[in-house]
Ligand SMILES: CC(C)(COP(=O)(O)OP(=O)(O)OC[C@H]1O[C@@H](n2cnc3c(N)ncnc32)[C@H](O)[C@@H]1OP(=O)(O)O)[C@@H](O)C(=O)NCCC(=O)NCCS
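Just the one chain here, laid out as structure tokens, in the form predicted on its own.
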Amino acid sequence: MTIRIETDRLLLRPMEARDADAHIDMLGDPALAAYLTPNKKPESRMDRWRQFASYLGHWQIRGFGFFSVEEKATGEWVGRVGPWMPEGWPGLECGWSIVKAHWGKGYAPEAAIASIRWTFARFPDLPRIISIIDPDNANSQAVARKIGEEKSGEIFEFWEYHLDIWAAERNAWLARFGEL
């Protein structure tokens, strides 16, 4: 099964081995690592490689996972966005990470909305989608608001983090962003 999701400016497709270097480089940026790692610093390249491999494996185990996001106009890889639910996760999450050079272009919310639409279509009984966000990550909180999520008051403890769960109820989300 080939999955391709298109928005006005972006193409979303399942992550592939060819995305490894771009993804590994993105996670080496201290601005992203500040909200994605236990010590708030980039992990070693070896650890970032293993993390990328887990994203490919997630597709194999769950049948869904992060999408690679490309600019349609250039074909440039700009980040990852999509559904993610590893073992022990508090729910099906829509997560996102965009290469810093592409921040401020609206790519994260554009891709997240398309990804959530796909996720709700794929899982018709899914009552809500969540995003797990570091309480200090104002940029991701802004994206969450733009994609119809609200801070739920729930906390997810992961590593040494106390992370906020943002959520959107299916029916409210579909009412705002359109039926499937």
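Start at 1 and count along the sequence shown; that's the residue number. Source: prediction; values computed, not measured.
Beyond the structure shown, there is the form predicted together with the named molecule, which is absent from this document and is the topic of what follows.
Novice: Sort through Trp118, Phe64, Phe52, Tyr35 and report the residue having a heavy atom within 4.5 Å of the named molecule in the predicted complex.
Specialist: None of the other options qualify; the answer is Tyr35.
Novice: Can you pick the stretch from 55 to 63, 142 to 150, 119 to 127, 41 to 49 whose heavy atoms fall within 4.5 Å of the named molecule in the predicted complex?
Specialist: Result of the contact check: 142 to 150.
Novice: In the predicted complex, does Lys105 come within 4.5 Å of the named molecule, counting heavy atoms only?
Specialist: Yes - in the predicted complex, heavy atoms of Lys105 and the named molecule come within 4.5 Å of each other.
Novice: Consider Leu92 of the chain shown here, and say whether it contacts the named molecule in the predicted complex, taking contact as heavy atoms within 4.5 Å.
Specialist: No, no contact at 4.5 Å.
Novice: Please check if Pro109 has a heavy atom lying within 4.5 Å of any heavy atom of the named molecule in the predicted complex.
Specialist: Taking the distances in the predicted complex, the answer for Pro109 is yes, it comes within 4.5 Å of the named molecule.
Novice: Would Ala114 sit within 4.5 Å of the named molecule in the predicted complex, counting heavy atoms only?
Specialist: Judged by the heavy-atom cut-off of 4.5 Å, Ala114 is well away from the named molecule in the predicted complex.
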